[in-house]
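Before any questions on binding or motion, here is one chain by itself as structure tokens, the form predicted alone.
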């Protein structure tokens, strides 16, 4: 089990991580979701030993690893840009960590070949060892980078936005393959991403990092349906967050959130009396295949989004520039403390 206890990291006046408490359980695929600048790559670098925290402790199975050189931590790191050696073959890239690691390098060529071949087979690249890395696809290079990490049998694998350089079709396929590989190895993966879809799809558990703090951790379905705060809700990209004072009806005070798919639309003055509602101007729509997204501007300037599933459409025809009543069931509201 990987544990971070009150870990902080500053760069001059900038606080990258602020007293982070974080746990990655054994045999778990953990997604870490955060926007650009949230501190997620800094967190990975601290775990890997490329940087050290200004305060706090990092441990694996109760033994502290902060302060140790990176090569003694038994942690694998898959870089976003793969960081392969272009002058080496696929085989030699994967074998590099075995041959040249500082702690107990492997000298036996038979063992190197066996372990490297096994790692390539594990990631679906059996028979690719002789190829140059410049002669294979982006998805295959990503698998080489993963194999190079896995061949050293790390205690935990860190993945820094590993799917970001892949096209959409390949990204979806690699999601399935990464999860299957982790299942076979029975080690923990910590997968950092800025995509809520990727985080929810990949993680057995998901942690949300915002402004240098972990603001929520939980199962993907819980995180999506029950964000605990406005920061978590924003990262799900499925919730409208606005001030309750905009609404007529009993909805509490301060910041509230209603999911995109739980808001209905009526002509002005026609919202059902039993449902909280607010007035907003229709801006434009966006067609996304099986769904359509409609954009509205509330009276205080807040941008609101409503999603309609076209297999069961529920929204009326909308006219750009016209105002409508947006309404929702009282139990669709999540109440947060403070302002929106």
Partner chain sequence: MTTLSTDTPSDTSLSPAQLREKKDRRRAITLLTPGLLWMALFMVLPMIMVVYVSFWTQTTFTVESTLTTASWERFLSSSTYLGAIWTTLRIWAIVLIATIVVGYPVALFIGLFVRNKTLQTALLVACVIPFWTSFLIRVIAWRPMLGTEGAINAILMQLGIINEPLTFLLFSEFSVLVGMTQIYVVFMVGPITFMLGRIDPSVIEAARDLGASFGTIFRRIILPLSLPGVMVGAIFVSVMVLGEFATAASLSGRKVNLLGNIIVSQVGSLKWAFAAVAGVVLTIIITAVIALALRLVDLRKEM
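Residue numbers count along the first chain shown, from 1. Keep in mind that this is a model prediction, so the values were computed, not measured.
Same protein, other form: the form predicted in complex with the partner chain, not shown, and the subject of what follows.
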Stretch in contact in the predicted bound form with the partner chain, which is absent here, among 211 to 219, 116 to 124, 247 to 255, 90 to 98 (heavy atoms within 4.5 Å)
90 to 98
Although the partner isn't part of this model, could you tell me whether residue 76 comes within 4.5 Å of the partner chain in the predicted bound form, counting any heavy atom of the residue?
yes
May I ask you to check whether residue 81 falls inside a 4.5 Å heavy atom distance of the partner chain in the predicted bound form?
yes
Using a 4.5 Å heavy atom cut-off, state whether residue 267 contacts the partner chain in the predicted bound form.
no
With the partner left out of view, is residue 69 within 4.5 angstroms of the partner chain in the predicted bound form by any non-hydrogen atom?
yes
Assert contact residue (the partner chain, in the predicted bound form, non-hydrogen atom within 4.5 Å, options 229, 140, 152, 188) equals 152
Does the trio 164, 173 and 235 actually contact the partner chain in the predicted bound form, every residue with a heavy atom within 4.5 Å?
no
